[in-house]
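One chain comes next, on its own, written as structure tokens: the form predicted on its own.
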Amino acid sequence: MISRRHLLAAGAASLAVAPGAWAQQNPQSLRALAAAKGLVFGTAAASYELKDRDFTALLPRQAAQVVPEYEMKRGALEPKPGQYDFSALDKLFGFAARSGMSLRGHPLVWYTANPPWLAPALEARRDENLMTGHIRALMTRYRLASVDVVNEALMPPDSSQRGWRPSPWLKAFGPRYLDIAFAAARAANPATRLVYNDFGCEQGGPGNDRFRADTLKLLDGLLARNVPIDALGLQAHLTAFSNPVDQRKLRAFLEEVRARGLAVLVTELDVDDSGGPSDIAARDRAVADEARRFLDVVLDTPATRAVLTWNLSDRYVDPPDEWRLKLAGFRYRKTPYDAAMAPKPLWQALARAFAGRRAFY
């Protein structure tokens, strides 16, 4: 019997085939390939991207689910207490719903991207409704398939400190803010899959080892307190030329998560290609290879239910704080499609990973 790993290895050599030609020979979409194996493939998108017709034609063909890149962050939604501006989020989610795509929420509670008024309000009155009211407002307005209830509550792997990441929520309520948030989300919509989302469990460095242990400790605490959590979100911000995925460590970690009865969602997959050669083809191969190594493990567990990329096209990747790289002539190639909406080797790696996944029944 040929394993999925052997199939992927056999297909790796053909990554040199022009991406467009490969796509023409294999016209199935990532959406269809994933769905055939019981997975949801989706992507982050932003409302401003909908102005581009080539993108709006591509998005629903390839992706079955959309998560907002920034429109659901509280700082963008609630500029004044209780005064919401849902216009950008309604535009994005409306397009997705009309296109037959499901909706994923990100994030309800985060240490950053909050409106300026929130921290002083929490300081003045430690009112749980400043959290739970916001959660109810979003969870009752949108029918979400899944949502990141709490995002990044732990100190990151590259920190010299461990434990809880400082936040207005931690300062106001202590670690029980997670319990409050998950309980409010479940009460607002029992049908939505509730997720704790973070980065740092994927790679193999010593900081990642510590982070995996801290993540399991966090999950064990939530489960012991009967907090209604359904899944762990792996952001999967990978790196092509440093700190690679350690497949053995990742596989053992995923088995620990599965043993706790939790689903796994890959929520923000991309591959940072900075630090690599100037040759684009070489960078693209490295990006695809690192994603394949990650997916080779993640898709081997039935706990994995979804894979979402952090955007579909490189056209929308470069954030303003990375302008120095842009001035130097560097453009990231993190996503499945290039800036001209042509599929890249990362698209091929995703397609082969989905096609090769075992069917779990």
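In this text the structure is predicted, and so the values were computed from the model without any measurement. Residue indices: 1-based, along the sequence shown.
Keep in mind that the form predicted in complex with a small molecule is missing from the display, and what follows is about it.
For D314, no non-hydrogen atom is located within 4.5 Å of the small molecule in the predicted complex, even though that partner is not displayed.
Although the partner is absent from this view, K249 stays clear of the small molecule in the predicted complex, with no non-hydrogen atom inside 4.5 angstroms.
Taking the partner from elsewhere, K73 is found to have a heavy atom lying within 4.5 Å of the small molecule in the predicted complex. Residue contact with the small molecule in the predicted complex: F41 places no heavy atom within 4.5 Å of it. Stretch-level contact check against the small molecule in the predicted complex with heavy atoms at 4.5 Å: of 217-225, 230-238, 156-164, 286-294, the positive one is 230-238. Of the residues W110, Y177, Y196, F253, just one reaches the small molecule in the predicted complex with a heavy atom at 4.5 Å or closer; this is W110.
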